[in-house]
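Consider the single chain below, provided in structure tokens and representing the form predicted alone.
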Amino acid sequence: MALDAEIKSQLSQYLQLLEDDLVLKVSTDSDEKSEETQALVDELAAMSTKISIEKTDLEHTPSFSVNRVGKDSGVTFAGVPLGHEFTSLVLALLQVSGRPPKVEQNVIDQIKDLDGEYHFETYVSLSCHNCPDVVQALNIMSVLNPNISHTMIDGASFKEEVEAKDVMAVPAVYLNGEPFSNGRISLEEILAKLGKSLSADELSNKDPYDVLVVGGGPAGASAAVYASRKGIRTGIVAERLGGQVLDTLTIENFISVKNTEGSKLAAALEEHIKDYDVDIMNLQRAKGLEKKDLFELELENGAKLKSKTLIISTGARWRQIGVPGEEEFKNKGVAYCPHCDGPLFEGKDVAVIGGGNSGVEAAIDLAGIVNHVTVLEYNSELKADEVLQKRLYSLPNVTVLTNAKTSEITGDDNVNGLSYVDLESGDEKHIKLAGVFVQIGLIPNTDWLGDQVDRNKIGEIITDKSTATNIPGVFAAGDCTNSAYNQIIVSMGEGATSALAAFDHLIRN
């Protein structure tokens, strides 16, 4: 396959940054996918005198590995890494050539300290916006530790393998042939799963904070930056830095940035926090809150962090429908990200539950990939914007069912159908399906608070105009609150407000 002019121009610039000579070991046959792989490798070699090609037999055909001359790196691409994986290819070329990855030194040390043999495989879709982060993290590990190898596998190029392993959601990571993780996972999370993370004692021994931010999405990041700029001791504890932004594909309403992706914005948020004196505690989940002389935040691992003030910005998560089969078949046909997992259902019948903007947008996207989409909406009419509904109803392979209450997701090893109640007739009906995409909105991540902080009937923290809660010294911002609108830019504004309010509380008390 010939690369288009724009990609060739970008590659040409990147290849000038290669530190050392590379050899691309390529394993191909006579099929179309092999021809595409060979064409990509040939174009790379033609664009740089530092790249040579060597024919070989790899575990997957077609595939190619990226290596220094005389030294295998363990970084392999089974499939053509374009689309969202283009950046993964560029970074692999640069990092294998000797250009150091942009990773904290303590993380590098943890990777190098790993003992044993680790052979990772990641099944991806080239349209998946979550997959590149996982691929790049595992490639970095392979470059830094000779006992680690990683192969990116394009599910569309190896359909039989994907079906044999029942891979129905990406990214799906296997370690030494066994399932390791499914969905987005960061480098730090991978290391934590391999036993490399801060202990409860190390966290509990930290000095008290002036401001402790709980949650690492847009609201939390904004709060941490604004608090630190006041020169006060600031900490941020998060289950994952970036929050739900990490699961967002395209962002077109972030003022001054015409278009970006969630993963890019999340990375920028993290980099901005790191520019300030903020104690970052990632991959830590809040469990409870208690007020003593100071606020004490208990974490899931048993650690307790102390602070004079607290800013809660724990965001929200996908709302589940809560019917039999949903939990059992999660990642086995039940999915929440149509952009990521849609390509795995190519040519099959699927359902989308939810008739709001998210559900209708998902149905429109899926209709271009799958055989047929059934949209189920509980109410008597769809709630999506009129322009989206018009587009949806124009599609020949979409059926819309209103007054439809999902009662069960059925299956054997994987999803095989969905049962629903027709609310007009009262009849229960069943649809044969291979996948179900749930798109019914968000639920705030506030369960861990118990009755400590006042919340409304759907669990949102009740705040005033300064983001203060009913507890003096505790503030809240973003999608976990009763804010009028769940928008990134609104959350950032509330995060800044909460930090300023916390600082004001400190100087007055």
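Don't overthink the numbering: it's just position in the shown sequence, from 1. Please read these numbers as outputs of a predicted model, since none were measured by experiment.
Same protein, other form: the form predicted together with a small molecule, not shown, and the subject of what follows.
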**Request:** Using a 4.5 Å heavy atom cut-off, indicate which stretch of 51-59, 459-467, 28-36, 480-488 touches the small molecule in the predicted complex.
**Result:** 480-488
**Request:** Go through 280, 187, 316, 232 and name the one with a heavy atom inside 4.5 Å of the small molecule in the predicted complex.
**Result:** 316
**Fill in**
From 157, 244, 181, 358: within 4.5 Å of the small molecule in the predicted complex by heavy atoms is 244
**Prompt:** At the 4.5 Å heavy atom threshold, is residue 445 in contact with the small molecule in the predicted complex?
**Reply:** yes
**Prompt:** Is the gap between residue 248 and the small molecule in the predicted complex 4.5 Å or less for some heavy atom pair?
**Reply:** yes
**Message:** in the predicted complex, does residue 220 come within 4.5 Å of the small molecule, counting heavy atoms only?
**Reply:** yes
**Prompt:** Could you tell me if residue 253 has a non-hydrogen atom within 4.5 Å of the small molecule in the predicted complex?
**Reply:** yes
